[in-house]
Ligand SMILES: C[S@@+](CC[C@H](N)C(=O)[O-])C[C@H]1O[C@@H](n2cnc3c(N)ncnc32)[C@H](O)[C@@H]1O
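Encoded as structure tokens, the following chain is the form predicted alone, with no partner shown.
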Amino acid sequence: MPNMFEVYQSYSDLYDELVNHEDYNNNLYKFLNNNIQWENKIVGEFGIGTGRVTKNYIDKAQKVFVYDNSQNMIDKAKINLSKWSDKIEYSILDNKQINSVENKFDIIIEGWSFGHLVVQDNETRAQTIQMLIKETTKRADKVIFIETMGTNVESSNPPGEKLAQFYHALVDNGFKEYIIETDYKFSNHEEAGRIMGGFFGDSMKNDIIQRKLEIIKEFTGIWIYN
């Protein structure tokens, strides 16, 4: 079974299947459209994946520049977002190279992307966090970070010290924190175990199947800088 980083690089269909079951109550859409003015905005999105975040605002935005380090994900995003192809410009970019982006934006958004970089970077994590904050806030009037606050858990908390360090730094640097529920819903617990386990691993798969879960609780943090 591939780990989540391998899934992201090479298994876009599995990843897309996962996120298509996420947030069945559309709480992320409701939050982003109730709290952010997207009309006629130039948006930069980092770590687009298969386009799940983009779908929440693309109808209203004027132009969207999207970035991802996986061609596999971009190819899938182009299919999922084909009806808006006239307003999207795609680029291959590792999040470490944000400083090479010359564009300025009205809004920058990332979803479940920067956190992977923070978790992987052990030796210079504090510097990486500050780089992400600095390079995004100087390129846009409004910056939105969306990251996990726990999957298959009963309450919201940063999953581990590395992400906790990241989230605390965001608040310390002027980001306002919000927490929403983005639960997964599946047709049965076998489907839930197969798809969730394919991304999160055998431990979660076994727990879901043992407890016969069809709805998997998930909490999402949203940090906004103005």
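Just so you know, these numbers come straight off a predicted model, no measurement behind them. All residue numbers refer to positions in the sequence shown, first residue = 1.
Quick note: we don't show the form predicted in complex with the named molecule, though the next part is all about it.
Engineer: Counting only non-hydrogen atoms and a 4.5 angstroms cut-off, does residue 101 reach the named molecule in the predicted bound form?
Structural biologist: It does not: once the named molecule is placed as it appears in the predicted bound form, residue 101 has no heavy atom within 4.5 Å of it.
Engineer: Please check if residue 33 has a heavy atom lying within 4.5 Å of any heavy atom of the named molecule in the predicted bound form.
Structural biologist: Because no heavy atom of residue 33 falls inside 4.5 Å of the named molecule in the predicted bound form, the answer is no.
Engineer: Does residue 94 reach the named molecule in the predicted bound form if we count a contact as any heavy atom within 4.5 Å?
Structural biologist: Yes.
Engineer: Hey, in the predicted bound form, is residue 61 touching the named molecule, heavy atoms inside 4.5 Å?
Structural biologist: Contact with the named molecule, no.
Engineer: Using a 4.5 Å heavy atom cut-off, which residue among 73, 88, 129, 143 comes into contact with the named molecule in the predicted bound form?
Structural biologist: Of 73, 88, 129, 143, the residue with a heavy atom within 4.5 Å of the named molecule in the predicted bound form is 73.
Engineer: Report the residue, out of 69, 173, 27, 157, that has at least one non-hydrogen atom within 4.5 angstroms of the named molecule in the predicted bound form.
Structural biologist: Here the answer is residue option 69.
Engineer: Which is the contacting stretch out of 79-87, 135-143, 121-129, 107-115, given heavy atoms within 4.5 Å of the named molecule in the predicted bound form?
Structural biologist: That would be 107-115.
Engineer: In the predicted bound form, do 19, 49 and 53 all reach within 4.5 Å of the named molecule through at least one heavy atom apiece?
Structural biologist: Affirmative, all three are within 4.5 Å.
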